[in-house]
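Listed next as structure tokens is one chain, alone, in the form predicted on its own.
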């Protein structure tokens, strides 16, 4: 069931289009992540949802009913928002978390247990009496999240909430936040430019670029079946080749690409002009030429050591980039000039029909 829906929303300022969404819905109980680069329009989207920004056109619906402008207080109280910067007030951690409840007129004896419980949930109960200005970055963001969730919002809006934290603290807080939101059955609209964050928490992901929605789907759908080249490139698919389906049958399509052919799970008919997408981690390299069943031959042209993985560029008559773990690399001598076997499963090949060509993506 849709909790929140945007229809035909356009935001323009000074002749620039900041947001242009035919539709976007957030389902009740889901964590919906809006993922996109800086400047994609993610924060503008949250401002429209929170009725801090009036769109040039379009509507915002809550449980099917149109939300007027300006939004009534009862609507605004249904959601809370957490920003990249914690924006804590002067005073103690307890006072910060209690602020919203006091603003709503809740009595002290009633709010204290709620605040204490939320402080414990975010593991900052021992900081209740500490001045907010003395908290570390991770502690301050925990306090900001507790302040938002103690109000029991129907919709939690998160605007890059972990971007200012270092990687170790971000990973830990991300796990805690995901658990708290899921156990509380809180609907969440989470915007970020960090792909790792998006795939770690999302039930569904919307890819936003230059104010336009490129794809909406589950993490699995978006990651392995990008809707177009812009999504594939943003998600670092690496291998995007031009091809044509030359044979099809039994759910398998043979695709001719410059320098060779690949097989894909597809029902596209012969003659379909496509983009062939293969993620680098889906490519298997084996020692020697063509040693694995069905492997094609290739020559390693360059290797980039990335720490836990090695990125190898391979010339198979067409270029492919493979991502290999350090352990797997012990079995395959990854040096420029080395001949290797290259295996690509049909399940790993995703086809996107070129714009203006017949057929549909698969």
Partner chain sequence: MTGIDEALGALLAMRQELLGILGLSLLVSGAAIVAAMAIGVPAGIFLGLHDFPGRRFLVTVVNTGMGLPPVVVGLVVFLLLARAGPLGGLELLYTPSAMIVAQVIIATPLVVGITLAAVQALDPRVHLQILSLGASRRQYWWKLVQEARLSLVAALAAGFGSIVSEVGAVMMVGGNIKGQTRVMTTAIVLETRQGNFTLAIALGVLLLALALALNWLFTSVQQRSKG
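What you see is a predicted model, and the numbers here were worked out from it, not measured in a lab. Positions refer to the first chain, counted from 1.
Unshown form predicted in complex with the partner chain; subsequent notes refer to it.
Q: Mark residue 77 yes when one of its heavy atoms lies within 4.5 Å of a heavy atom of the partner chain in the model of the complex, and no otherwise.
A: Answer yes; at least one heavy atom of residue 77 falls within 4.5 Å of the partner chain in the model of the complex.
Q: Decide whether residue 85 counts as a contact residue for the partner chain in the model of the complex under a heavy atom distance cut-off of 4.5 Å.
A: Heavy-atom contact with the partner chain at 4.5 Å: present for residue 85.
Q: At the 4.5 Å heavy atom threshold, is residue 224 in contact with the partner chain in the model of the complex?
A: No, residue 224 is distant from the partner.
Q: Using a 4.5 Å heavy atom cut-off, state whether residue 42 contacts the partner chain in the model of the complex.
A: Flag for residue 42 set to no.
Q: Specify the contacting stretch among 271 to 279, 167 to 175, 238 to 246, 102 to 110, defined as having any heavy atom within 4.5 Å of the partner chain in the model of the complex.
A: Only one stretch passes the 4.5 Å heavy-atom test: 102 to 110.
Q: Identify, from the list 184, 125, 228, 91, the residue with a heavy atom within 4.5 Å of the partner chain in the model of the complex.
A: Checked against the cut-off, the match is 91.
Q: 212, 193, 254, 131: which sits within 4.5 Å of the partner chain in the model of the complex by any heavy atom?
A: Answer to the contact question: 131.
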